[in-house]
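Listed next as structure tokens is one chain, alone, in the form predicted on its own.
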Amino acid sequence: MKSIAKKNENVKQNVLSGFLTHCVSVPMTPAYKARKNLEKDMRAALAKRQGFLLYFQPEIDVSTMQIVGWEALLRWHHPEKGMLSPDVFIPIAEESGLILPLGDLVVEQALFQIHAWMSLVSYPMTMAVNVSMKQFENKSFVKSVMKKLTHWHVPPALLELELTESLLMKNPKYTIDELQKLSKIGVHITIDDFGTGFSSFGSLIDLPIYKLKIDRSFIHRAPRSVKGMKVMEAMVKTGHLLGMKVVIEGAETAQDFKVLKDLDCDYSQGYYTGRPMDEATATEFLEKNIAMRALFFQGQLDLPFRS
């Protein structure tokens, strides 16, 4: 029996040794190596809190053309690769766990910016920040948000946290509890890219949702599809019936913008009314919007706030 056990143990050791030798001897593919290098660079950048910056895209009131808010969009200015879009580095951040310090940095910078802009406007102007699954599942997320709001003296109602349908539906009980905590302190919750997930309007009844953002794919199909228009109309009307503000993303032309007005949509976020901009350009855009709205209402200008 001992000899059999010893023989089995030797077989296990040989298999394990062969497996490890195989793993070590297999060279890294160029794609894998590039990914690991980017992760290494990201860790270094986060440690120094350098290289990551926010671009801002305005959200425009369809009826008044007033800037009612902004969405903070993360960019990474890599020292060698130049400006990188989130599509390049966010998946790596998600897999490596770096999304937690990265998301923390985004909230920090977004609140700093809205605090800076508060002195320019005489009305509530919001800042929207995208929240990842791992951020939201972090037990200290809500406390962290509250702490940052206090630090930057930003009223909670000026912060919007954007979550996807899939995130909202992953763990309904936990999601409802956490969203209720945020809602009680006044933070607004937005469902981003609505219409692309698997949730229904019925599932939204128990959630403290302030705003729906209808995915850009609908406005792109709308002019060519009667059914597409009816679906968008149903989304807008149902959102309003549930007491939510409704944004349609992706308006790029005058025709797209007319569709938003015809549907009685509240807000537009798209290239037609403003592209993503760096802080300096966004501040100039905001100042222009404030200064020119009076002329717009007098009928002296036609859509003066486009970028």
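Residue numbers run from 1 along the displayed sequence. What you see is a predicted model, and the numbers here were worked out from it, not measured in a lab.
Although it is not shown, the form predicted together with a small molecule is what the next lines describe.
- For the chain shown alone, Ser132 is a contact residue for the small molecule in the predicted complex, at least one non-hydrogen atom being within 4.5 angstroms.
- When contacts are judged by a 4.5 Å heavy atom cut-off, Tyr271 counts as touching the small molecule in the predicted complex.
- Taking the partner from the other structure, the small molecule in the predicted complex has a heavy atom within 4.5 Å of a heavy atom of Ala251.
- Though the partner is left out of this view, Asp87 does reach within 4.5 Å of the small molecule in the predicted complex, counting heavy atoms only.
- Shown alone, this chain has one stretch from 228 to 236, 150 to 158, 118 to 126, 214 to 222 that lies within 4.5 Å of the small molecule in the predicted complex by heavy atoms: 214 to 222.
- For the residues Val187, Ile191, Leu179, Val106, the 4.5 Å heavy atom test against the small molecule in the predicted complex is passed only by Val106.
- The listed set Leu100, Ile114, Leu74, Val145 contains one residue whose heavy atoms approach the small molecule in the predicted complex to within 4.5 Å, identified as Leu74.
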